[in-house]
Every structure is written in C-alpha cells, then in structure tokens.
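What follows is one chain in structure tokens, specifically the form predicted on its own.
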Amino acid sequence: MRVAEVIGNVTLSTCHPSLVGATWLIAVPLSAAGLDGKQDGRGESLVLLDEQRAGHGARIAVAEGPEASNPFRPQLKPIDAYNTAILDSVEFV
C-alpha cells in the first residue's frame, strides 16, 4: 500500500460493465520526501478506482495489483489500483 495525492479525475465514455458508475482518479504516489512537500518525492501518476469520494489534493492510501480487487470478491473487477482510505494526517516518528 502506498500514500498518494489526488491530482485529477478521469471521465470515461465507455467502460467494463462491472465498473459502470465508478469514479476514477489520477493520483501521484508520494515517498517520504514527497510527504514533506519536496517535488522530487513524487512518483509517476496512476489511475485508480475511488469509492471514498476523495477530492483534488487529498492524500489517500492506494492498494495496487491483485490486492486492489480484493474488496469486490467474489465479484471480479478489472482494476489495478484502488483508493482504500482518505488520510487525515500522516506523521513520521
């Protein structure tokens, strides 16, 4: 699981039938430097399924790969990344 920042959204004209009505976001994964506000701590953007209604600029927790589709079992959805949570704050100790 990674922490990412929402930078936009995606509008689809057609999609897989199991994803009708889904919300899609564009997010940038953040390393520790990115969480500290440094530009070099931002990764390559990715598109993810969002059911939490995260807004632009929100920090979110992202599950990727096979784990991204686990919340939908036994139904299978063709997704690679999923917003699992909206993060109120992130602290380093």
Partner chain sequence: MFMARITGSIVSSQKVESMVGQKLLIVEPLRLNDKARAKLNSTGRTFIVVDTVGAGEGEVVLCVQGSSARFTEQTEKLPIDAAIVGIVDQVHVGNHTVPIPN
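The shown structure was predicted, so the numbers you read here are calculated from the model rather than taken from an experiment. Numbering follows the first chain given and starts at 1.
What comes next is about the form predicted together with its partner chain, which does not appear here.
Its partner chain in the predicted complex comes within 4.5 Å of no heavy atom belonging to K38. In the predicted complex, its partner chain lies within 4.5 Å of some heavy atom of V28. Among heavy atoms of A58, none comes within 4.5 Å of its partner chain in the predicted complex. Residues of 10 to 24 that come within 4.5 Å of its partner chain in the predicted complex, judged by any heavy atom, are V10, T11, L12, S13, T14, C15, H16, L19, W24 in sequence order.
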